[in-house]
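Listed next as structure tokens is one chain, alone, in the form predicted alone.
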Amino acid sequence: MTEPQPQQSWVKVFAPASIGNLGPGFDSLGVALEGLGDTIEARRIETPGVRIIEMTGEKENIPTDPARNCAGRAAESVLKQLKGKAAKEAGLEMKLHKGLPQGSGLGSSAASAVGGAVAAHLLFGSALGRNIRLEAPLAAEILGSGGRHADNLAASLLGGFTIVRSHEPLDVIRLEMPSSFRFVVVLPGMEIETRYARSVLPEVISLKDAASNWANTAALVAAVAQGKPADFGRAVVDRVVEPVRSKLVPGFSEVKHAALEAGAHGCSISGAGPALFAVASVDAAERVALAMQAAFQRHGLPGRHFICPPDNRGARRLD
């Protein structure tokens, strides 16, 4: 990521969408998606604090109050890291273009939080290490998900395939994602609140199901390291979270079956849903997307589909 330089002009930052809770990797695995994400423009102002002066795009139900907005809250967290006089006088205003709808399962709040934190970091030249750059948006992510969950944040900030080994203390491992992978994402016309999607999860699981998820998590990491999309797809098997959350998505079983019949290597829920993702080859991706979208439509849910290579760049300055 570009080194920060104190300045007065606008900076423009893009933070990519992501798939969190990747298959069996609940709260731990994530991957950044090319082409989808949020864009933040920000500049320094003389008035202390953070102001959001404009929001465009998928902005429905998203507040402009910085204290209640993920981008604003993350920027405020960065300003609190400043020292002395700068901490008291620091102020910025921002414009937020939402490329992701809220409650989509594609890391919408995480992309906003990461974009806000990176923009503030660039403007004020704060000497933040990687973990602090994650901690700032993590404070804001609580607004969206109700807890400290860094799987989407890590992927959006760092790009590639990320493993959150620990939240206390924060410990993230990043792997470069092979460019041959394709993620087919189908977003039906509905919303699932992340807090609610967490509330339905079981507090106790069987050892057999846990062992299956552990094995498939290891297989996902191996598939990334070896550059094998088919092996990656075969390891997208979740016996803990998917059976519960799939009940929140009308037609889930039929959509997943349609994806696999059309040639997908694997399919599961993206984040808390309602988006579903499939892993497919470049040649099969469009066919898989159309099959999934048609299956959703049979259940009265029109929607959108995206075919995304992995994003290995992560959050970045555009201007």
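Sequential numbering from 1, following the sequence displayed. The structure displayed is predicted, hence computed values, not measured ones.
The protein also exists as the form predicted in complex with L-homoserine; that form is not presented, and the subsequent description refers to it.
Undergrad: Looking at L-homoserine in the predicted complex, do all three of P188, R287 and H305 come within 4.5 Å of it through at least one heavy atom?
TA: Spot residues vs L-homoserine: no contact at all.
Undergrad: Within 4.5 Å, heavy atoms only: does S104 come near L-homoserine in the predicted complex?
TA: No, S104 sits far enough from L-homoserine in the predicted complex that none of its heavy atoms falls within 4.5 Å.
Undergrad: Is there a heavy atom of A275 no more than 4.5 Å from a heavy atom of L-homoserine in the predicted complex?
TA: It does not: once L-homoserine is placed as it appears in the predicted complex, A275 has no heavy atom within 4.5 Å of it.
Undergrad: Is it the case that E41, even though its partner is missing from this view, gets within 4.5 Å of L-homoserine in the predicted complex, heavy atoms only?
TA: No, E41 sits far enough from L-homoserine in the predicted complex that none of its heavy atoms falls within 4.5 Å.
Undergrad: Give a yes/no on whether D27 approaches L-homoserine to within 4.5 Å in the predicted complex, heavy atoms considered.
TA: Yes, contact at 4.5 Å.
Undergrad: Counting any non-hydrogen atom inside 4.5 Å, which residue from R245, H121, R182, R73 sits next to L-homoserine in the predicted complex?
TA: The residue in contact is R245.
Undergrad: Counting non-hydrogen atoms within 4.5 angstroms of L-homoserine in the predicted complex, say which of R198, K80, R239, R234 makes the cut.
TA: Contact check passes for R198.
Undergrad: At 4.5 Å between heavy atoms, only one of the stretches 289-297, 30-38, 50-58, 264-272 reaches L-homoserine in the predicted complex; which one is it?
TA: It is 264-272 that comes within 4.5 Å of the partner.
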